[in-house]
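As a starting point, one isolated chain is supplied in C-alpha cells, in the form predicted on its own.
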C-alpha cells in the first residue's frame, strides 16, 4: 500500500484495460482521477460504471472503446450528453445490462465465480440486445429458469470516498456506498481517492463502523484529492455543482477542455472555485 499521486495512478492504467469506476450517476465519482486519465490520453478503455460524467468525460476525450453499464446519467440531467452523442454517432460500443445484473456481475467477479444466477433480465430486451447471455435451470425441485449473469472482472477500479487512511481503509459519510467495495473486490488493481487522508485512529473516530467500506486488503494506493469528486456530489462534504454541471453539459467539448482540463488538477480546482 502506498500514498500515490494522481499522475502515478493514471500511469498504472494502460490502453485497452477494463476500468471499473465507483459512484452512481453524478454522485461521488472519482472525478480527479478521471481528469488525470483524460490528461494521460489513454485509449480503447472498457469502462464499467453506473455511469455519469466519468463516462462522459472519458468518451468525449476519445479514451473509451466500450461502456458496460445500466445507465449513463447526470441525475438532474437525464442523459449524459457526451455519451449520448458518442452512441448516436457509433463512436463507442455499449454493453447494456439491468442495474441489478451489473451488480450481480461485479459480485460474481468479487467472489471469483464465472457467473451468478439472477431473475433480472428475463422477459426483457436485455436478453435481445445481449445475445451472448445464457440461462440456467435450478438443479432443485423448482427447476426455475434464471439468467446466468457472467462475472465482470476488472483490471482496475477507481473509487472516491470521504475519508481514508494511508493503508487504504476508507469511509463514506453520505447516504449510500454505491457498490464501491464490489468494484475494488472485482479488480486486480484498486485505487482510492479521498477528500481527507487521516491517521487510522482519526479514521476510526470519524464515523460509525458500518460506514468503513474498504480495508487495506482491498486497495493498492490512496491519493488525497480535496474536492476530488467535483462536479459530482460528495455528501456531506459538498453537493453536486449544478451550475457547473449545466455548463459542462452545454459547452462545446473543445472549449470545455481548454478551459478546465488542459492544466493540472490544481489549475482545475482554481478555475472552478466560486
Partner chain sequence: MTRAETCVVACAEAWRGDGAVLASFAGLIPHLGARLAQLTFAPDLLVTDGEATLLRDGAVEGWLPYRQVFTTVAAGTRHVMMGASQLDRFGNSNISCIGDWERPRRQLLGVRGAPGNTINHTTSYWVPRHSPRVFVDRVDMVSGIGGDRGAHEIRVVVTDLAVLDFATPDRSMRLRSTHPGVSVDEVVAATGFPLTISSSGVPVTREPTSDESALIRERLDPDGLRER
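Remember, it's a predicted structure, so these values are computed and weren't measured experimentally. Positions refer to the first chain, counted from 1.
Same protein, other form: the form predicted in complex with the partner chain, not shown, and the subject of what follows.
Chemist: Against the partner chain in the predicted complex, would residue 83 count as a contact residue? Criterion: heavy atoms within 4.5 Å.
Modeler: Yes.
Chemist: Residue-level question: is residue 72 within 4.5 Å of the partner chain in the predicted complex, judged on heavy atoms?
Modeler: Output for residue 72 is yes: heavy atoms within 4.5 Å of the partner chain.
Chemist: Closest heavy atom of residue 114 to the partner chain in the predicted complex, within 4.5 Å or not?
Modeler: Residue 114: no contact with the partner chain in the predicted complex.
Chemist: Is residue 202 near the partner chain? Define near as a heavy atom within 4.5 Å, in the predicted complex.
Modeler: Contact check for residue 202: no, nothing within 4.5 Å of the partner chain in the predicted complex.
Chemist: When the partner chain is placed as it is in the predicted complex, are 24, 94 and 179 each within 4.5 Å of it, taking any non-hydrogen atom of the residue?
Modeler: Checked in the predicted complex: all three residues contact the partner chain.
Chemist: Which one of these stretches, 149 to 157, 189 to 197, 128 to 136, 163 to 171, sits within 4.5 Å of the partner chain in the predicted complex when only heavy atoms are counted?
Modeler: In short, 128 to 136.
Chemist: Can you name the residues of 92 to 128 that have a heavy atom within 4.5 Å of the partner chain in the predicted complex?
Modeler: Contacting residues: 94, 96, 97, 98, 99, 100, 103, 119, 120, 121, 122, 123, 124, 125, 126, 128.
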